[in-house]
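Presented as structure tokens, the chain that follows is alone, the form predicted alone.
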């Protein structure tokens, strides 16, 4: 996926869902844990040197797996390269849980699954398709894949 660097920098300055200084280790062998300001903005996780305004990098939180490594540490690995893992160290177990939950909920796929789940439930209860009034009920992105019903809580892989 291509990104315009100026647009990403602009996005990184938007209000964040979460932000904190965390220990971060990159995916390369030999990388060490460094203190970074980490910001979650929409479905991007930006990371900054603690004394700089522009991000050092950004992770698009799609097609990734978020896992708790221990009580205060979680990792993000991308499905196309599971060996390439980013590690984040939090200050507390509660902070770690908050980051994991927020990152899982930030993905487009999570939001899409929720929309499909609630659309199905509303249709079951009322007999009406809630997306019909917007003229988007037939769009494939809002359809359940292979006839299987998706559950909103099945979100560890995004």
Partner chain sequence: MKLNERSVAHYATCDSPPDKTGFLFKKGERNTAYHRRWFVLKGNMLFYFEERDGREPIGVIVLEGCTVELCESAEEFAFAVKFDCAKARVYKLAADSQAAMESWVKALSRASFDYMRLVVKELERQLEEIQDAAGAGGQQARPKPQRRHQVARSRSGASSSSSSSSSSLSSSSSAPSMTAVCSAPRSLQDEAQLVSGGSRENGVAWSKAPAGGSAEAAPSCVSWDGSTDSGIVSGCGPDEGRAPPVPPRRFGASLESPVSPDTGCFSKLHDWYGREVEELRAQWLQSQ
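These numbers were taken from a predicted model, which means no experiment stands behind them. Numbering follows the first chain given and starts at 1. We call the rigid core whatever largest set of C-alpha positions still superposes within 1.5 Å between the two forms.
Quick note: we don't show the form predicted in complex with the partner chain, though the next part is all about it.
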Using a 4.5 Å heavy atom cut-off, state whether residue 136 contacts the partner chain in the model of the complex.
yes
Using the partner position in the model of the complex, report whether residue 113 sits within 4.5 Å of the partner chain, counting heavy atoms only.
yes
Looking in the model of the complex, any heavy atom of residue 66 within 4.5 Å of the partner chain?
yes
Even though the partner chain is not shown here, does residue 32 get within 4.5 Å of it in the model of the complex, heavy atoms only?
no
Taking the partner chain in the model of the complex, which residues of 70 to 93 have any heavy atom within 4.5 Å of it?
78, 79, 80, 81, 84, 86
Aligning on the rigid core, do we see the C-alpha of residue 19 shift 2 angstroms or more between the shown form and the other one?
no
